[in-house]
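So this one's two forms of a single chain, laid out as C-alpha cells and tagged structure 1 and structure 2.
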Structure 1
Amino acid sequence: MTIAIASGKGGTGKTTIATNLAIVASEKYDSVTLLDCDVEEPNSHIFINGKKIKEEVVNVRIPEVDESLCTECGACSNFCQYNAIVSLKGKPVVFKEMCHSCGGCTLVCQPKAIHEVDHRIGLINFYKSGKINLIEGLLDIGSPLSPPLIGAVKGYESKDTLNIIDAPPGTSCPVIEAIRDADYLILVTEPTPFGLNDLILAVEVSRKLNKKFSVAINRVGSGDDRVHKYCKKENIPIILEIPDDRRIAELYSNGKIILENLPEYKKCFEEVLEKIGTVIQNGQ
C-alpha cells in the first residue's frame, strides 16, 4: 500500500504528517518505507534522524553529437519539441538542461551521428531508523528537471509493506510523477484563503487521476472555516485536523517529531492509518 502526502502549496505541513505517520506506522508494520520525493528541498531526514546507509548517483541520458558524422540535415532539431538540440547554421548544439531524455533525436539521425551519454541530475540518499527505511532524492543545484529523479526514488517502493510518499508541493509535473501510482492521497491544507485556493487545485488533480483522497487541515484555529465548508460542499472527508498549537511549531523548528514529544496526538495519526486501510480494503 502506498500513501502519498501532497498539497497545492508549500509550507502546509506535508513533512510533518508524513514523518509522524511513518513513526506510528512503524509500530504496526514490520517495515515502513518513507520516500521523500520533494527532491528540491528534502527534509524528512531531519525528523527521522536515521543512520545514512549509502547514496546513489542518478543520471539521465542526453544526446552527444559526433561532428565527423553529422551532415547538418537538421532532423534532430526539427524533432525536438523542447529545443534541447538546435541546428541553426552548422552543427547541432545540445542544451542538456532542457533535454527530456526521450531519445528521439538519436532515432531520427540517419547518419547515426548522435549517441547518448549519462548526465547526472542528483542523488538518492538511503537512511535507516528502526523499522523505517527513508529514501530521499536530492536534486543537484542547477538541474531543472525533477521528475526523473522522483521516478528513481519511487523505484525503491516496497511491494510487501507500507510506503509513504512525501510529495513536492503544487500541482505540476513533479507532483504528478510522485502521486500517480499511489493507492491513496492525503491533501494537506490550512484554513486560509491561499490554503483553500491551492486545495481546490489539488482536488482537481486528484480527481483527474481518479485517486481516492481525503484532506488534512493543519493549524486549525489560525484562520476561518472556509476549508471545512468547501470539503462539506464537495463531499470530501477530512481525515485529520491538527490544531494551531505553538508546541508543535516549536518542535518542528527544532527538527523533532510530534508523537515522541506530544503523545496525546498519537491516536489521531493511528486513526488516519485505520481509516485509509478500511477505504482501500473496501474499495471505496
Structure 2
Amino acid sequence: MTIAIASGKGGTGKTTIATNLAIVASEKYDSVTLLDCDVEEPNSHIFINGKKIKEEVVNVRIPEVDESLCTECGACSNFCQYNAIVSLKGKPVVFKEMCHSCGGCTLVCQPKAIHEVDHRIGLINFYKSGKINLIEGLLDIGSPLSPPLIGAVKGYESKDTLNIIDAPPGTSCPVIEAIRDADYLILVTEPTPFGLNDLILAVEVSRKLNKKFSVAINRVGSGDDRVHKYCKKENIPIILEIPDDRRIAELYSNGKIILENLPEYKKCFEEVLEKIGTVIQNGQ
C-alpha cells in the first residue's frame, strides 16, 4: 500500500505529516518505507534522523552525436517529439534537459552517428532508522530533470510493506510522477485564501488521476474557514487537522518530530492510518 502526501505549494507541512505518519506506522507494522520524492529539497532525513547506509548515483541516457559520421540528414530531429535533438543549419544539437531518454534518435540514425551516454541528474540516499527505511532522492543543483529521478526513487517502493511518499510541492510533472501510482493521497493545505487556491488545483489533479484522497489542514486557527467550507461543499473528507500551535512550529524548526515530543497528537496520526486502511480495504 502506498500513501502519497502532496500539496499545491511548498511549506504547508507535507514533510511534517509524512514523517510523523511514518513513525506511527513503524510502531504498527514490521517495516515502513518512506520515499522522499521532494527531490529539489528533501527534508525528511532531518526528522527521521536515520543512519545513512548507502548512496546511488542516478543517470539518464542521452544521445551524443559523432559529427564525423553525421550526414546532417535531420532524421533524428524529425523523430524527436520532445525537441530534445534539433537540426540547426543541418547540425543536430542536443538539449539534455528536454530528453526523455527514449532512444529513438539512436535507432533512426542510419549512419549510426548517435550513441547514448550517461548524464548524471542526482543521487538516491538510503537511510535506516529502526523500522523505517528512508529513501531520499536528491537532485543535482541546476538539473531540471526531476521526474526521472523521482521515478528512480519510486523504484525502491516496497511491495509488501507500507510506503509513504513525500511528494514535491506544486501540480506539475514532478508531482504527477510522484503520486500517480499511489493508492491514496493526502493533500496538505492551510486555512488561508492561498491555501485554498492551491488545494483546488491539487484536488483537480487528484480527480483527473482518479485517486482516492482526503485533506489535511495544517495550522488550523491561523486563518479562516474557507478550506473547511470548500471540503464540505465538495464532499472531501478532512482526515487530519493540526492546530496552529507554537510548540509545533518550534519543533519543526528544530527538526524534531511532533508525536515524540507532544504525545497528545499521536492519536490523530494513528487515526489517519486507520481511516486510510479502511478506505483502501473497502475500495471506497
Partner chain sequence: MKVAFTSQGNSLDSQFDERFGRAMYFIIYDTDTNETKVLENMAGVESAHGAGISAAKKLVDAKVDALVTGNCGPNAFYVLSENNIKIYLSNAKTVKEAIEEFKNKKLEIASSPTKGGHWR
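All values reported here derive from a predicted model rather than from experimental measurement. Residue numbering: sequential along structure 1, first residue numbered 1. Definition used throughout: the rigid core is the maximal C-alpha set that superposes within 1.5 Å between two forms.
Annotation: structure 1 represents the form predicted on its own, while structure 2 represents the other form. The Cα shift for Lys91 between structures 1 and 2, taken after rigid core superposition, is 2 angstroms or larger.
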